[in-house]
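Here's a solo chain for you in structure tokens, the form predicted alone.
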């Protein structure tokens, strides 16, 4: 048995969702051409459509037969009450191929819904379902034209990351330019969010694969982030952290594998984007209270701009689980109470071509070694990690 965590969005859906999806598609392709805008109401959106295929194992919803059921799409409505206050609502549609988490997806999901007020150029507040300021990409995680690859690194983002996209609560942001040429932005937030979990098991009688999906709730969660903009143009440093109590789901229910637990995590990141190249790296540390379990996850990205339109990107990522408690029977056999292992290692190379500022084509290949495979039950306690090659071709637009 192996567990996977991922961010969970609030979901809505009904018989009208096919019509809503059609309306969203119309906005996505029509508005960039017409340039429609309103004084009080602004509409923005994005769409990324992809074809993905793996060489054998199914991973991240990508089967060996290939899938075009792989996309992200959103419409954002922003209504400005005045120069200081606005409402923002974002609806989305997302497909992840044959991922076990697809059972949680509805045609239309509510991404964000919040009220924002700026008290001054330095202080602002958001209340509602808001984006979590955490790391380089968390607030733009599905905007394909901004990303070097189709999706974000599994470590620490993506399907299975310990990082939620939104929180139901409030955030306060302070921006300072008093230390020029240095300046910084500091945000704190509090509220509730959730993770999705899934794992595979094999039926001991029939040998059939069985998949289970659950939702863990983060109660009384709090977090903060500091973004430091340096005197070097294009270089910024980020430090962030979170704390909360995890309950329910497959792992954190009273009778679950771990039971209710307090957790805390920390993240350090560097984001350097210059004229001819970029480099980005993030490292996440997560621990569960009253256990020895720890997670170390990180990645490094680099890219070279051959021109304003064409770039080559590479990426390496690692997700390591430390001091995971062994089942009693294996503990007796090995004489150890816990062990550590690399849950996921992924290397990627890709090409990105910008037809314009809001139309982008990407082709990428990944080599993966780990336990993310979805069509078999693979236990890190007893079996070697699976090796998988997969490729993604995607086209993105935004307005």
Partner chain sequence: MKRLVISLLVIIIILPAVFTIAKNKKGYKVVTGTSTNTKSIGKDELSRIFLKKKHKWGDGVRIFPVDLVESRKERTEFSKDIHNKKVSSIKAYWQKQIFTGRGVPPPEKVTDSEVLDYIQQHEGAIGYVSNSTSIENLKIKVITVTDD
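As the structure is a prediction and not an experimental result, all values here were calculated from the model. Positions refer to the first chain, counted from 1.
Although not depicted, the form predicted in complex with the partner chain is the subject of the following passage.
Asker: Since the partner isn't included here, can you check whether the partner chain sits close to all of 42, 233 and 399 in the predicted complex (heavy atom within 4.5 Å for each)?
Answerer: The answer is yes: all three residues contact the partner (heavy atom, 4.5 Å cut-off).
Asker: Taking the shortest heavy atom distance, is residue 145 within 4.5 Å of the partner chain in the predicted complex?
Answerer: Contact with the partner chain, yes.
Asker: If we define contact as a non-hydrogen atom of the residue within 4.5 angstroms of the partner, is residue 65 a contact of the partner chain in the predicted complex?
Answerer: The answer is no: residue 65 has no heavy atom within 4.5 Å of the partner chain.
Asker: Can any non-hydrogen atom of residue 177 be found within 4.5 angstroms of the partner chain in the predicted complex?
Answerer: So residue 177 counts as contacting the partner chain.
Asker: Taking the partner chain as it sits in the predicted complex, is residue 114 near enough to touch it, meaning that at least one heavy atom pair lies within 4.5 angstroms?
Answerer: Yes, residue 114 sits close enough to the partner chain in the predicted complex that at least one of its heavy atoms falls within 4.5 Å.
Asker: 300, 239, 140, 209: which sits within 4.5 Å of the partner chain in the predicted complex by any heavy atom?
Answerer: Answer to the contact question: 140.
Asker: Pick from 171, 96, 251, 90: which has a non-hydrogen atom within 4.5 Å of the partner chain in the predicted complex?
Answerer: Among 171, 96, 251, 90, a heavy atom within 4.5 Å of the partner chain in the predicted complex occurs only for 90.
Asker: Partner absent here, but in the predicted complex, which of 313-321, 289-297, 115-123, 258-266 has residues with a heavy atom within 4.5 Å of the partner chain?
Answerer: Checking each option against the 4.5 Å cut-off leaves 115-123.
Asker: Listed by sequence position, which residues of 75-91 have a non-hydrogen atom within 4.5 angstroms of the partner chain in the predicted complex?
Answerer: In sequence order, 76, 78, 83, 88, 90 come within 4.5 Å of the partner.
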